[in-house]
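Next up: a single chain in structure tokens, the form predicted alone.
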């Protein structure tokens, strides 16, 4: 009931924001901050006492019981971690949105996107899961199309079409499960409940779910989730969308929407991991390694720092795909737990780190008018606070020990070694390349001779320092005490495997 109340309040606040006129900005910031505080309070104070195994009871409310549709919500160790991440990222993206051109519509769309993310993570019925999946795409399409930069019309359409195709395949997979489960139940049960349909005994029985349709169902889910993550070769919407979006939306894209793909892998497919053929898991590992290396190489040659971080974000998601696939393949339960938990931790850490990086870049670009790495040269002289925060974000993104990014990558590398064998060197190569272009970027953009054509520019305001420092503290705390999240995630993974 607690999370249901928060969720319903968020939906109401989202629609109210559209009618708040000149007060929409302040209203949205207070609303998002309240939602974040309540979500974190639930995660810290209430959730652990109710979920020693990482699972909480599912609350269902009749919607269309005749055809098996109930509005069901529930929270587990995976979703509570991602809910906290979504609330933090959403708050940061709204806090930095302070341009005059951002009217009530903008803030309403941002809160609506946050509502969609909450809906996806809370829903335990596939119908509402899919509805909220689409709810996230629509406001983001309008934000890019209305408030984006160059080619915003083309890019927003590309974003919507690309991601919507993935969504359609998810819907087809859901309908496949729904249709064949009716026969499996003896032609007596219509249901879209996740807990019922995600049943390995039903999915693995070819008498009830033919091999072709089982493969189609798995393919549809994987395609939709890998588009959103994103993974090679389903990523072409990402660099354009990240670059063209206004910075608050980029924060939401990098930190929030990647949650959707990650949740799909670990929340939908992991419970039915025994139905995934081994050959498919190796294909996913190959895609993860290609994503890690290809995006890292591509990022290294980018001149636009926003575009470079877009590819860096996609490269980091390669670790998530590898952790998911290798974790299922591994025969050791303890190692499997480390791999899978590391993959989920990587999603959480990556979202918060990207929020810091893109927020700082936003403040810097507003002052300098530059996103080209070489044209930003030496800005630490004029902007020591912003430069320091950006350096912290870059170091966290490359996986420096003591910061959140290190924990996920280290867990994955340590865990997958037994599964991937010599391929581990490709992962290490990817980490080396990632570290290289992050350091090069910091050296070229922040230090060295100052670009005098920028003139005298101001550093971060107290409000901006407070925002960035808060995010930095979260990154540092997760880096030195990862069990704050890792313990909850491990309980969820342990309950699944």
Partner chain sequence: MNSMQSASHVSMYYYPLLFLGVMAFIMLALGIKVSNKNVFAGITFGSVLVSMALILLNPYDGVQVGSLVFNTFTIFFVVILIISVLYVTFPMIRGIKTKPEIFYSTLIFVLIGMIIATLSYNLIIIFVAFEAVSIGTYVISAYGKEKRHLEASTKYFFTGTIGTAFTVFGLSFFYTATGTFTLTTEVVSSSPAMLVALLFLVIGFGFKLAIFPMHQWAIDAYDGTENGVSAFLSTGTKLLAFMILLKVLLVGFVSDFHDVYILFVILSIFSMTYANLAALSQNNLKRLLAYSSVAQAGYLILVIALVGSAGIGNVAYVAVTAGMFYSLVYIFMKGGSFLAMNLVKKQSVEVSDMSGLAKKSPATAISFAILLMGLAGIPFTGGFTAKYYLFLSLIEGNLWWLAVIAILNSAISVFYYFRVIMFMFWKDPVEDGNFNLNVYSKIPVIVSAVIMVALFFFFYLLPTFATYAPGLFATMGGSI
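As the structure is a prediction and not an experimental result, all values here were calculated from the model. Positions refer to the first chain, counted from 1.
What follows is about the form predicted in complex with the partner chain, which we do not show.
Contact annotation: of the candidates 282, 410, 417, 213, the single residue with a non-hydrogen atom within 4.5 angstroms of the partner chain in the model of the complex is 213. When the partner chain is considered in the model of the complex, only one residue from 423, 175, 198, 290 comes within 4.5 Å through any heavy atom, namely 175. At least one heavy atom of residue 67 is located within 4.5 Å of the partner chain in the model of the complex. Although the partner is absent here, residue 134 sits close enough that one of its heavy atoms falls within 4.5 Å of the partner chain in the model of the complex. Although the partner is absent here, residue 387 is not a contact residue: none of its heavy atoms lies within 4.5 angstroms of the partner chain in the model of the complex. Contact check for residue 127: a non-hydrogen atom falls within 4.5 Å of the partner chain in the model of the complex. Considering the partner chain in the model of the complex, the lone stretch of 294-302, 83-91, 253-261, 166-174 in range is 166-174 [heavy atom distance within 4.5 Å].
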